[in-house]
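Next up is one chain by itself, shown in structure tokens, the form predicted on its own.
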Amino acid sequence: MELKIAVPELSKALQRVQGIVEKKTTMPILANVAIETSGKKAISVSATNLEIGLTGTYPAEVKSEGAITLSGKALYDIVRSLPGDTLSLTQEANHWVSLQCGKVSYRIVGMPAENFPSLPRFDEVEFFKIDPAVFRTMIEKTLYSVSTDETRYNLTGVYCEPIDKNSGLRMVSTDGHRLSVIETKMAKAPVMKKGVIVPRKGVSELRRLLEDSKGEAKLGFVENSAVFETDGLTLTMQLLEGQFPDYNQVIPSNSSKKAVLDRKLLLDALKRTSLLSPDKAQGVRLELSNGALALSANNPDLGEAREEIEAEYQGEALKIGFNFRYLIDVLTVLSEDKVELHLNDPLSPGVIEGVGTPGYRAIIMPMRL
């Protein structure tokens, strides 16, 4: 194999797979990326950890065809440090590869491409188109509340299902203390027999790809996998097995108290008040009264904090405690100027929504303070 490729192009290809390449593994080949020629004008760069696989096609000048696998991290470190614009890559005997960029040269040892795990290929995937910006927003508003507790396997991903009558896509995540649900309408809804759980790592990789996506994005579900395509990239993800809990039981059907607040004012007040919140409990008390919301925290070792902000609210006073980190996470992913806070009593979940942008709700369980 012998080829020439633009350094920025190869650097971009390698950067995209860094989150998938296994750094510590009992299978050394999983720490490698597979580079394979695709005709005379392109190469493919692939990586997999056996659960997630990514393949991308990139323009190159191919002099002789072939395939090799090289250390994903080492090759990326080399390529992004090169001073020139073009890199020459030549495969030598015994799986060695020489790299030449101007007066800089390297020789690195690889492993045969035949040993690289085959990435899943599906002949028939019923894709549906999804706006990259919309999809990225859906991911950002659900990824933060995915559980990191591996013993609760069915909560370590984002649940995806079609909206009633196949009119769109709904995404849900929960860690048992909070829940996020977002939905969007679309002309063609996903085709699936039932809801599926996409693993947290796969969703994270999706978000990274969507940051650079400028063209059409397509998502499909087939067998026990999710397949995503955009801009010459194909990401395949093994779906999680298990039953996602009935999230509708957690969402309050109605609320007796609604306050409208300035999102940034509330976010800044939470950050200040939380400075004196107990480290482990991370609790902050919210006191809702006519026209105002007071936030307070008490740390026996440090002292007390209290701040009051304006609130569009008229009704009975209410005191309720929340984990301030959960509140901050929600307010950070929202972009609206104002938010609605829906409450019932000190023991019932609170619901936060952005004003003027329906389709997203964050539910947070209260704390006893």
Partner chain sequence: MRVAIDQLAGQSAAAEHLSGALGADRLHHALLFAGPDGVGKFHAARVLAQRILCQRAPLPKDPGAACGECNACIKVAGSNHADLHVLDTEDRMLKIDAVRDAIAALHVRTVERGAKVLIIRDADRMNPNAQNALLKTLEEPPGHTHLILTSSRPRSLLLTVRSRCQEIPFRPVSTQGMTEILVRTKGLPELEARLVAALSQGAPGRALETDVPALIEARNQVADVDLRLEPGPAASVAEALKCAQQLTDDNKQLAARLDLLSVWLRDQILLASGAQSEIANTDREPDLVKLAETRGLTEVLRRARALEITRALVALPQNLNNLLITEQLCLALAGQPSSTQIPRLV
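Here the structure is a predicted model, which means the values were calculated and not measured. Positions refer to the first chain, counted from 1.
Omitted from view is the form predicted in complex with its partner chain, to which the following refers.
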- prompt: For the chain shown here without its partner, which stretch in 177 to 185, 202 to 210, 238 to 246, 164 to 172 has non-hydrogen atoms within 4.5 angstroms of its partner chain in the predicted complex?
  reply: 238 to 246
message: Please tell me which of 111, 97, 233, 143 lies within 4.5 Å of its partner chain in the predicted complex, judged by heavy atoms.
response: 111
- prompt: Using a 4.5 Å cut on heavy atoms, which of 303, 28, 315, 66 is close to its partner chain in the predicted complex?
  reply: 28
- request: Spell it out for me: taking its partner chain in the predicted complex, does every residue among 38, 126 and 229 have a heavy atom no farther than 4.5 Å from it?
  value: no
message: Check residue 223 for me: does it contact its partner chain in the predicted complex (non-hydrogen atoms, 4.5 angstroms)?
response: yes
Non-hydrogen atom contact residue 116 with its partner chain in the predicted complex at 4.5 angstroms: yes
- prompt: Wondering, does residue 340 line up within 4.5 Å of its partner chain in the predicted complex on heavy atoms?
  reply: no
message: Using a 4.5 angstroms cut-off on non-hydrogen atoms, would residue 51 count as touching its partner chain in the predicted complex?
response: yes
